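In the block that follows, a single chain appears as structure tokens, in the form predicted on its own.
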């Protein structure tokens, strides 16, 4: 298939810099997800790859070919839009066949060739019994499969998707995540997928590019961005509930580092910290599921008061204050619902100190 390379891409809309010097490589046959909040530039970046927008600066390469100034029809890419963009007056068969029909002479296809290709992709997406219907007669999930089939029927070099699951209900979204991943791996198509849904990104991507304010903050595997965030934004954007952050000060004593936080102190190894100064302000990050909860005092435990209990079926989310009686310091904890927790109850918590993150308070960058 193809590798996609974006070099120093900048796109402005008036005074707004929508894409700010983006550099990213999407490897051949890779499933890359652009993840970030609304307005962060991810869809604009995707449209630049598609040729629907042209960058003010930078170059776009597909399969080592500079396509920056080429029209969409000359890039051999296919895009699935959020609203599916099906032709309402055409049947499902005609919608799927349309990309082949308009290129029929160029590709040297007969009507029999087109029919064969349409039937193949329809069978792959399990919509072969819908070919005579029109889009208005289909459910949202069926329309989405038709839109996917239309993009896949000509086997493009690059498959682009802009939040294709956002209009589906929760159960269908779960089903289609697995289906899209299976399709992508079966066909081996280089894929760039845009979403603001971090659960989608973590479950589907080979690698994730986390974006904010037009810039790529971190690129890495789902494990990398979840367990080793390079910036506090990544840690607090990804996860449900997101990473807890606590403002602390690091004190250096000989070769030891001591975290001084509201409600507790803790010695930590200093070997993995990058140039930390004595009395430097930091943000301590810990994910809610990496905190153990006890009903009775335990060695190394931190006393906490439960403020809110959020049952989640087999799990429960506890909102606690780890500095009761002082300046309120709040944490969210996700734990198994094996014990009954009550608002106002005193508990004792122990973070897994091997899984903490430490960020510079001013820049937000990881120090570990």
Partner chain sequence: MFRGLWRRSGKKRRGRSKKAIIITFLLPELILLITFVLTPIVGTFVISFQTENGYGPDNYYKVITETSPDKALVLPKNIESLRPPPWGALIHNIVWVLIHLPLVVFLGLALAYLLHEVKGSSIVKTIIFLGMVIPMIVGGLLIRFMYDGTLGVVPLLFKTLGINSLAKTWTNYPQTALISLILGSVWLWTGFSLTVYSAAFESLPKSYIEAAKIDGASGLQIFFKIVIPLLKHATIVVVVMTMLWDLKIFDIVYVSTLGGPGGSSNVMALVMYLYFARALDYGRSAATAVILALITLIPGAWFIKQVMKSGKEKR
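Nothing here was measured: the structure is a model prediction, and the numbers come from that model. Positions refer to the first chain, counted from 1.
The discussion below concerns the form predicted in complex with its partner chain, not included here.
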Only one of 216-224, 68-76, 192-200, 115-123 has residues with a heavy atom within 4.5 Å of its partner chain in the predicted complex, and that stretch is 68-76
Quick check on residue 54: any heavy atom within 4.5 Å of its partner chain in the predicted complex? yes
Does the 4.5 Å heavy atom contact test between residue 61 and its partner chain in the predicted complex come out positive? yes
